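Just one chain follows, in the form predicted on its own, and it is written as structure tokens.
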Amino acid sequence: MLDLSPVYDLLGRIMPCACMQARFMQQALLGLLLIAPMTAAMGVQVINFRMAFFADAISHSAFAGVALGLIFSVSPHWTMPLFGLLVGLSIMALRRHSTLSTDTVIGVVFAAVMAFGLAIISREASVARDLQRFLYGDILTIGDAGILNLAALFAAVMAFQAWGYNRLLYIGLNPVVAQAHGVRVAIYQFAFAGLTALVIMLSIWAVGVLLITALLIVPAAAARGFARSAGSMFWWAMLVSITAAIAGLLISAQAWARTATGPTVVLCAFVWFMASQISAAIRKRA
């Protein structure tokens, strides 16, 4: 496995505060620095496609993915993202081939995966106890293998955004017109759904099922309040997400706070969101 010690040492020198000298804090910071840009980038598209409910459906399918892994003695690190990917692609396929609205399709799949997960959990009492850590997440327990997986996904997400950001915006505005102008709508929609599902599943280790939707939506929503163009919204979302991740990790490590890292990160992003709403109101009045 690739030795990440030089990267951890560099992070310790860049942030010389006492709490960042522990190796697990350096690993957590590196994990958040990979997760935050991915959730910010995909969150912009989630808002653009009006699919905030999509993140909830994918994240709650984690229960079924984890339960299947624990029951069949397969690592949840494999079963959870694979099951989430299957659910994400299924939602997009139903959305494209159904006359029902997007919210209805997502709601039906959401109910199905939740019921499936709860049905499996109800059969195995021991599984229910192991699922608690996935509810809340814990970025402080991430290891080198998890960071390397995040790094590979980070490269894929950023390449996808660099290649297709404008096309995704076009599809979000009007997929029919985008198709008429030569954009391969189906390919981009399925790629978006698959990558978003993987981002959500791998980010659950950081903030848990209950808060992953907030990690996607809040920075992107805050960026909309600050941005004056579609392009600047992307960079504002990056800034909000990364600064909220760093601030949340540092605050949670303080003796006076002693809070869980995931919720603290989301609260920092919410502060950004409130600032964006104030900024937007001032601009509107001016």
Partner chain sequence: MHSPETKNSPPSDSMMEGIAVAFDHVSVCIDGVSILEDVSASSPHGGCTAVIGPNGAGKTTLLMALLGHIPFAGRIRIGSREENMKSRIGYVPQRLQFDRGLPMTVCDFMVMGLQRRPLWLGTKRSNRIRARELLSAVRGEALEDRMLGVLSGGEMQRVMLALALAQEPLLLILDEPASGVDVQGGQLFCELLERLRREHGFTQLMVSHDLATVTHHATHVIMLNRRIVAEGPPREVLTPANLGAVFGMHMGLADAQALSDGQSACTCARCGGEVTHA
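Positions refer to the first chain, counted from 1. Computed from a predicted structure; not experimentally measured.
Below, we turn to the form predicted in complex with the partner chain, even though it does not appear here.
Interface residue in the predicted complex among 90, 149, 102, 161, criterion: non-hydrogen atom within 4.5 angstroms of the partner chain: It is 161.
Option touching the partner chain, based on a heavy atom within 4.5 Å in the predicted complex, out of 177, 186, 111, 118: After the contact test, the surviving option is 177.
Residue 217, heavy atom within 4.5 angstroms of the partner chain in the predicted complex: Output for residue 217 is no: heavy atoms all beyond 4.5 Å of the partner chain.
4.5 Å heavy atom contact, residue 166 to the partner chain in the predicted complex: So residue 166 counts as contacting the partner chain.
is_contact(residue 233, the partner chain) in the predicted complex, heavy atom dist at most 4.5 Å: Yes, residue 233 is a contact residue.
Contact flag, residue 74 vs the partner chain in the predicted complex, heavy atom cut 4.5 Å: Residue 74: no contact with the partner chain in the predicted complex.
Partner-facing stretch of 53 to 61, 28 to 36, 255 to 263, 222 to 230, counted where any non-hydrogen atom is within 4.5 angstroms of the partner chain in the predicted complex: Within 4.5 Å of the partner lies stretch 222 to 230.
Within 139 to 155, the residues that have a heavy atom no more than 4.5 Å from the partner chain in the predicted complex: None of them.
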